[in-house]
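Take a look at this single chain in structure tokens; it is the form predicted alone.
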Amino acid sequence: MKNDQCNNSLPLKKAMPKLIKTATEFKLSPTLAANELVAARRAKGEQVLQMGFGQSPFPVPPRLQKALGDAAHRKEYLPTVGLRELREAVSSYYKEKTSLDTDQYDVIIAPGSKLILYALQMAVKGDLILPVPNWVSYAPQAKMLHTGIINISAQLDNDGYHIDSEELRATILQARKEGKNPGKIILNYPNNPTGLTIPENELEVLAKVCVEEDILIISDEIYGLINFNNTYHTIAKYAPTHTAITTGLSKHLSLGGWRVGIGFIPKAIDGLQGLLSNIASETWACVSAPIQQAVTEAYKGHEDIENHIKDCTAIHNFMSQYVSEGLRQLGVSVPAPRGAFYNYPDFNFLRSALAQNGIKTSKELTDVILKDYGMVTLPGTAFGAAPEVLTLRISACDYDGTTVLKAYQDGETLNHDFVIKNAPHIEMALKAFRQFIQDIQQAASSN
């Protein structure tokens, strides 16, 4: 008995659960990490400029607030693909907005477009063709699914975000020669991280290549209604049998936290909608009933909602151009944005001076800007760029959207004084960049 008691008192060696290798390769999404970093620092009373996380800051339109309150009693599970009334409203809305024949598509509703992107990658065979730079979650999703990635470089200039169609075809053919199986491509326009968009004539020729090579186009159009020329572009009209569209409410209506994603799934791909429904049934089940009922109002073409989108887009345009122009005045290379609310500046002109200060990668660049200047930005590496490419993604949304929208609707002119009065963090960010550049150049000249 004495020996048994002694043995029982010995600490037991615990066998801890083992994580799968894929899970250990990922960190928190860079954009969400940037948001949490700023929130934590501001909670401590620290001043920090948020130029990293791209969250549209405008208030929820009163009509949608009321609709959500009216739907609060709903507690039932809804169909996996989404509330019929919402899907029909979405289809009609986009048919009118885009001139796309939405009768050729089924609609699916998910808790954010990110899950539809993931489900499409899961459902469609083949390696993923991915233009660089690209949004932070495309490649990690492919890796989670053990899908191969085939990169192709995009060219950026004041005319837009360009993917050479013949280079695309050559990339597909070369990949097949190497035993790979290119089966899908993700396009995003207006583009995150660049704020640029693919010109209409280039969408047409890219569609032609994808149809001829039997590549599914996953067209991420989440910023489609924040196009600064007020024209909605979609590659789907050139390749309706080979294009699935993902979109939602998070950008043009600032409803990211409501988690509503929309998918247009081509009926020509027999069984795809059913497969996505099955995937949904085993993962997210359905989007919450009150949310689905409420957001149906966003797709009925109400004048107040449409005016809200128009006003917010005008402000996004102004703020994005204000930042890009301010950076260019400092010598930074940055194309004029065409949509969304981002800039993608290149600090290559400072390469030598930065190197003399021990800064050789975009990650090191963001680290110094945060540490010494209190500003959060995102490195080009988060969007697929090579470490030595000295690009950053800048989000022009660090202001109180309610204040800014009211000032604009009250007739205040969008100019420098408007920024100083209503969006001071935007001006502070440009001043921080100015000071950073001056400090780097001065330190280099004294070495």
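Just so it is clear, the model here is predicted, and its values are computed rather than measured. Numbering starts at 1 and follows the sequence shown.
Only in words, not in the display: the form predicted in complex with a small molecule, which the text now covers.
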If contact means any heavy atom within 4.5 Å, which of 110-118, 70-78, 323-331, 209-217 contacts the small molecule in the predicted complex? 110-118
With the partner omitted here, the residue among Y105, F318, Y138, Y299 that in the predicted complex has a heavy atom within 4.5 Å of the small molecule is Y138
Among the candidate residues T234, T197, N192, S362, which is the single one with a non-hydrogen atom no more than 4.5 Å from the small molecule in the predicted complex? N192
May I ask you to state whether K251 is within 4.5 Å of the small molecule in the predicted complex, using heavy atom distances? yes
Does Y161 reach the small molecule in the predicted complex, with heavy atoms at most 4.5 Å apart? no
Indicate whether the small molecule has at least one heavy atom within 4.5 Å of a heavy atom of V90 in the predicted complex. no
Can you check whether N188 is within 4.5 Å of the small molecule in the predicted complex, heavy atom basis? yes
